[in-house]
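Only one chain is given next, in structure tokens, and it is the form predicted on its own.
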Amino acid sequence: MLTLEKVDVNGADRAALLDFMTSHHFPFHVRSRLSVMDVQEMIDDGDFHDAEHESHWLIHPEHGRIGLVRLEDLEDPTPLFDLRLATSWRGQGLGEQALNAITSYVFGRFGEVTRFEGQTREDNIAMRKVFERCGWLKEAHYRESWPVAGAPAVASVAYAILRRDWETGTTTTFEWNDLD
């Protein structure tokens, strides 16, 4: 079972965070490659830790650090997350464990959170399947809204899970074509 370990962005983990964020390619992120300067700027701007953000290493019991999650909008009842697995751990079936650990952490730690949201590109089929297997529901399909360097924009697909669904293990659905 994966666990989360808070990242000490301005202390002991700064160098490891810089290394992780700059040594991996994240093909389904808006900025798929980051420079040391980019990450230093993100750290200094509070993108990894401030009132609205927390960052955690994803810790596998046998393999150690396999990725990073950044929680965003933590002062809202509907926070978001940014998940990044190390290149060598992608495609190993760890996405579901990661999302479940992140979801349990958010609902367990932040009592005021009623809904937890994530977004991915329409072509990130693996992550979209992870959302569904973890009980998250597709709520939006934003056409041509995700910029892609050197290519046309693709759709951003939003998924969410409600606290009550997480607590009961159910998925509350809705009618897509409610005007018909």
Ligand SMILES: CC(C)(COP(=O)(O)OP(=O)(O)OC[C@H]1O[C@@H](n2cnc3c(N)ncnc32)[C@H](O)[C@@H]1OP(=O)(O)O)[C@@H](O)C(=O)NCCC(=O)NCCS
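Heads up: residue numbers just count along the shown sequence, starting at 1. Remember, it's a predicted structure, so these values are computed and weren't measured experimentally.
Separately, the form predicted together with this ligand exists; it is not shown, and the next lines address it.
### 4.5 Å heavy atom contact, residue 40 and this ligand in the predicted bound form
Residue 40 lies outside the contact set for this ligand.
### Query
Does this ligand get within 4.5 angstroms of any non-hydrogen atom of residue 77 in the predicted bound form?
Residue-level check for residue 77: no, no contact with this ligand.
### Message
Is residue 106 part of the interface with this ligand in the predicted bound form - any heavy atom within 4.5 Å?
### Response
Contact with this ligand, no.
### Query
So, in the predicted bound form, is residue 148 in contact with this ligand at a 4.5 angstroms heavy atom limit?
Heavy-atom contact with this ligand at 4.5 Å: absent for residue 148.
### Query
Three residues, 70, 159 and 161; all within 4.5 Å of this ligand in the predicted bound form via heavy atoms?
No: no residue has a heavy atom within 4.5 Å of the partner.
### Region of this chain that lies against this ligand in the predicted bound form, out of 135-143, 148-156, 43-51, 28-36 [heavy atom, 4.5 Å]
Careful reading of the contacts points to 28-36.
### Query
Quick one: which residues from 127-141 get a non-hydrogen atom within 4.5 Å of this ligand in the predicted bound form?
127, 129, 130, 133, in sequence order.
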